[in-house]
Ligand SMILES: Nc1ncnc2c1ncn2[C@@H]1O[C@H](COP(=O)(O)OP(=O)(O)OP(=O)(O)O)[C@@H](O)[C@H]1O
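Encoded as structure tokens, the following chain is the form predicted alone, with no partner shown.
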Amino acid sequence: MTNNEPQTSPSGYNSAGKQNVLIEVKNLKQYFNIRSNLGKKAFVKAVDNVSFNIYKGETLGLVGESGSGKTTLGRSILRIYEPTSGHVIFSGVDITRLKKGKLLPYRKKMQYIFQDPYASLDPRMTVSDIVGEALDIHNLTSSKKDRVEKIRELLNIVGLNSEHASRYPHEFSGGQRQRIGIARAIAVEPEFIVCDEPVSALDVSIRAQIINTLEEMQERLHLTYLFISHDLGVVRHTCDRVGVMYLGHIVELVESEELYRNPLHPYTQALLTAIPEPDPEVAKKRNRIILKGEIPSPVNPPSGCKFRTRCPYAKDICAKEVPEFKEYKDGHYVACHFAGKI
């Protein structure tokens, strides 16, 4: 992606009126070694040559089917997974080139909110220990009293009270557990947080509360989010821009409202027609696009355009040439040979 990409988020602008790039992802690849059925070495191409920017203060959404590489991309940016190749540049520093011993300051600046609030918290630790662990690692408190006060403050920010500090994760509901995970993530005062489907494991009645908490924290703490989700309705409400992933590639990236108003990639068009419509009359008139087959294996992806085996508009060129991920118009990026023609 070029650096002259139009700026879209309402905050984080520099003195020239252009928005600051917080994270640059360049040609990032994440391949996993496996053994094929014949015992030969093979690679799962979970993330394959992905490039994009994340701007300071924005929420960038990432959507796509299960297996498209969204979570792997988020974890590779934070080096939870060591990238196979490519670059992740955080505030001008290429963190993919840093040795692990030099990563600690950047661990403080970048945090992760996990999808499953039941699996992401150690059942043997109290809430105080879970939230306070990061404070201890980064030496962010000067005394036991300061530590206790900081933990109380963090719990209050996420809608919990000080009495919860001495309890264990099994004593809480799913929504409360996710709030604990959020408190842990913001404890070190990060600049950037990967929110990996933070509400997908929660009851519908709790989801709005968690989303509101994340939005309030973003404004209060000046955070930048990468928001991974299956829920296109939540993404529309929450995100400034949205990237659509398919089989390890970003196939479309644009401002949120523009994506819903004018999707250019056939995969994006299919995803948007799958959003539930509460009005029965509107639902009847909707032209639902049903994709045929399953998402192909990332071990042996199709030639050319990776979506061509399920695309109703595929032509011969789609099998022969990989479509370039390029700007179609005004900050609207898409990887399709027929963008704007279908």
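Everything quoted here is computed from the prediction, not taken from an experiment. A residue's number is simply how far along the shown sequence it sits, counting from 1.
The same protein also exists as the form predicted in complex with this ligand; that form is not shown, yet it is the one meant from here on.
Residue contact with this ligand in the predicted complex: residue 65 places a heavy atom within 4.5 Å of it. Taking non-hydrogen atoms only, residue 69 approaches this ligand to within 4.5 angstroms in the predicted complex. Residue contact with this ligand in the predicted complex: residue 197 places a heavy atom within 4.5 Å of it. Taking non-hydrogen atoms only, residue 32 approaches this ligand to within 4.5 angstroms in the predicted complex.
Note on the interface: of 286-294, 313-321, 43-51, 300-308, the segment with non-hydrogen atoms within 4.5 angstroms of this ligand in the predicted complex is 43-51.
Between this ligand and the residues 87, 237, 222, 230, the one pair within 4.5 Å by heavy atoms in the predicted complex involves 230.
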